[in-house]
Ligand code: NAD
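Take a look at this single chain, the form predicted alone, given in structure tokens.
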Amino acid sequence: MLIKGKWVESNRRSEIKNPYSGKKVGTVSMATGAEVLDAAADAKKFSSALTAYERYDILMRTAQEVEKDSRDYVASISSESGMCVKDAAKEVARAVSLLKVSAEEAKRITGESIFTDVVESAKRNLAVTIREPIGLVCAITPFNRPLNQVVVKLGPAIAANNSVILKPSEKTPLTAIKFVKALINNGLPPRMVAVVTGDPAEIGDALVSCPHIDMVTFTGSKEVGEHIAKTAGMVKLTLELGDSGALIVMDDADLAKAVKTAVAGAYGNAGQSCRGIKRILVHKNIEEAFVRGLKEATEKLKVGDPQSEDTDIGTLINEVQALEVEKRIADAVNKGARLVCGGTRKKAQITPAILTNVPRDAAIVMKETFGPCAPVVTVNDIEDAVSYVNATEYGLQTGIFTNDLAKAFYAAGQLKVGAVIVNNGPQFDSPAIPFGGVKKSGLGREGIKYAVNEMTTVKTIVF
């Protein structure tokens, strides 16, 4: 753990095991509630004097170090999470990009000028606004993106000159610690970031209700996000709580591209992605052709050792999660779905599954299913597809494949989600655009520029 600018260890330790082999890959300290409060209090006291250029330079040099050490990061991500090295390499490359964009945004934090003579009785005064750091940001990150989710939160927090207390997932903390060490190696003041590791049941409430915290940024389950919202009190919240992400495929779509997108979105990181494809809504006229293409592409994927270069599908985070996915597949089949292929479990690993005739109320499509599943739901038209997407409690991102501009505009206007992606999947991302959902998918927006806005406060000065 990193507390008061020093790396410390406690007598209470937790083992981190490789989900594929079961072998120990490291140990971390188990923080107490008192240690969390101590770490937060010191981080709050620290006031950064870093200039915009200095923050830019730290983030840019850290990006260069991560890129140089990419093989080590790939190995770390794969060993503690079970992510296949192909996906881990993409994660590292994306983290480098996120850091570089964060570095640039450190130099772009600006305000505006406003004249006040906008009503009859007002005089012409000049008001200017400036953006100041929000203070101490509490960042809580999930297991499925051991590096990216840390960078997504720490990059803009540092760009905005905030102090941070980071609690990485208790399942995958090793890569996060490695990354924070890189930040410090490249000039970040050690007291500007604290790292606490441990059981969220023991330290979670102490962390989010801590009186020193000014903002909580969290990625994880809806249930935990709702608990944080009730516990944190009067602090700023950014909550990214997942989705039952849909891909809509209309009968005028480019089928080959839609199939390729479906494979990447449903099976990437073994299906453990908040913006991944959790259900595929296919027009009844092309369903047979689409499923045929999807099956052919799916059966080419190799499931195996995540650290093998030719593996396409690694493991889930643990066997408990794999059992839950297996249960949801069985539930859908019992309700009338047809298992086209896959769905076989071996410990924490599941072969990629395609299901058709999936009932619309099955848990596998109504809830966020974290596993390599491609459930296909038949739809009659664009109105039917949009209505079904909107029927769930989530609303993060939706992809639609169509060559009809009218259908694309209808979907863009009527879908109750944070983003609509035309002719690509809900897994689409860019560090330059806002990311976040509506309804139970969360509050606030990520995406570097937008996260910087969330992590700053506006001060108005009137002359």
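It should be emphasised that the depicted structure is a prediction, and the values quoted were computed from it without experimental measurement. All residue numbers refer to positions in the sequence shown, first residue = 1.
What follows is about the form predicted together with nicotinamide-adenine-dinucleotide, which we do not show.
Residue contact with nicotinamide-adenine-dinucleotide in the predicted bound form: Phe435 places a heavy atom within 4.5 Å of it. Contact between Gly245 and nicotinamide-adenine-dinucleotide in the predicted bound form is not found at the 4.5 Å heavy atom cutoff. Although the partner is absent from this view, Lys167 contacts nicotinamide-adenine-dinucleotide in the predicted bound form, with a non-hydrogen atom inside 4.5 angstroms.
When nicotinamide-adenine-dinucleotide is considered in the predicted bound form, Ala43 lies well away from it, no heavy atom lying within 4.5 Å. For nicotinamide-adenine-dinucleotide in the predicted bound form, the listed stretch (213-221, 251-259, 322-330, 114-122) containing residues with heavy atoms inside 4.5 Å is 213-221. Contact with nicotinamide-adenine-dinucleotide in the predicted bound form, judged by any heavy atom within 4.5 Å, is made by just one of Lys347, Arg191, His227, Lys295: His227.
The partner is absent here, but in the predicted bound form a heavy atom of Asn144, alone among Thr356, Asn144, Thr197, Asn162, sits within 4.5 Å of nicotinamide-adenine-dinucleotide. Every member of the trio Ile140, Gly204 and Leu396 reaches nicotinamide-adenine-dinucleotide in the predicted bound form with some non-hydrogen atom inside 4.5 Å.
Contacts between 355-384 and nicotinamide-adenine-dinucleotide, taken as any heavy atom within 4.5 Å in the predicted bound form, involve Glu368, Phe370.
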